[in-house]
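What follows is one chain in structure tokens, specifically the form predicted alone.
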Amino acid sequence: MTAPTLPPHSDPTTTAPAPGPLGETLHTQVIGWFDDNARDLPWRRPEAGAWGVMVSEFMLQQTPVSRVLPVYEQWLSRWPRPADLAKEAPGEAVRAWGRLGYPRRALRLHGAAVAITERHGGDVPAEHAQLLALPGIGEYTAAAVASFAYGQRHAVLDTNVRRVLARAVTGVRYPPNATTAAERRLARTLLPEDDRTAARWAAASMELGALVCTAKNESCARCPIAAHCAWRLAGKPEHEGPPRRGQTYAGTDRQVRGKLLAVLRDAHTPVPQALLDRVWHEPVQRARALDGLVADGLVEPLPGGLYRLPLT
């Protein structure tokens, strides 16, 4: 089984051709599986609204659901609307982000909340182009919010969806390290024609990748499309692309940055340099990590060797 021949497209919002028999089979079986197996997650409930969906999409980038859930609940309880977050200093967003990792996402989410409040009266816009124009919002997040919050027809390509399509249609174990134009064309070609089904397909294929068609120890026996999966039918050939690198954490600048931010999050007054110096034994790496936090806008230096989370 090979991927269908795909026409060129340059605009992700252009109308793609009908998905054909293979696409319709995948839609029916994956959506049917999703109806029976979808996790009850708070951002999937109607009361979450577009803001809840947007917050979840920021938090779930490179972070597992189990770690996101408690922070998500606290965030929405404190800031149920974008305007509530926009009133706060950016540093409060960083503080509330806790140990989710990649804390620049907190600053970007705060920036998006400010823009939503100023440009759209505090309501998350429904139009894809307006979402994409918000600070910190890329193609994936704009498509995800438009699809999951507003039921629109967009190709939503996260790591899980890319892996499902790579195996089921293209016949390879893993997708490329970075999303390619060919993947976008394939995803658009496979989109159901009506908005509601397309939005359901986006959520269902993502859930299938998260729970069944996982990066390691995939569960083909539980997969609703195993009989049609090109990779399985080809005998599950090994990955032939560039080596896949696991992310390390211990001893990296990321770990040092996390330790420095932990001290600043716990403090509600400026922190002296001497207190930050205690978190890591190696002075050159510690200084580099602190300089990086300042450059990224996550930490604000003050006179007298003091530091705090940003106020502006």
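The structure displayed is predicted, hence computed values, not measured ones. Sequential numbering from 1, following the sequence displayed.
This protein has a second form, the form predicted in complex with the DNA, left out of what is shown; the following refers to that one.
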- Counting only non-hydrogen atoms, which stretch in 158-166, 122-130, 226-234, 82-90 is within 4.5 Å of the DNA in the predicted complex? 158-166
- Does at least one non-hydrogen atom of Leu41 fall within 4.5 angstroms of the DNA in the predicted complex? yes
- Message: Under a 4.5 Å heavy atom criterion, is Ser147 part of the interface with the DNA in the predicted complex?
- Response: no
- Task: Flag Ala287 as yes or no: does it have a non-hydrogen atom within 4.5 angstroms of any non-hydrogen atom of the DNA in the predicted complex?
- Result: no
- Message: Would you classify Gly171 as touching the DNA in the predicted complex, given a 4.5 Å non-hydrogen atom cut-off?
- Response: no
- Arg108, Gly138 and Met206 all contacting the DNA in the predicted complex, non-hydrogen atom within 4.5 Å: yes
- Message: Exactly one residue in Val94, Ala187, Leu134, Ala199 has a non-hydrogen atom within 4.5 Å of the DNA in the predicted complex; which is it?
- Response: Leu134
- Item | Heavy atom within 4.5 Å of the DNA in the predicted complex - residue from Leu76, Leu100, Val212, Val114 | Leu100
- Scan 47-76 and write down, in order along the chain, each residue with a heavy atom lying within 4.5 Å of the DNA in the predicted complex. Glu57, Leu60, Gln61, Gln62, Thr63, Pro64, Val65, Arg67
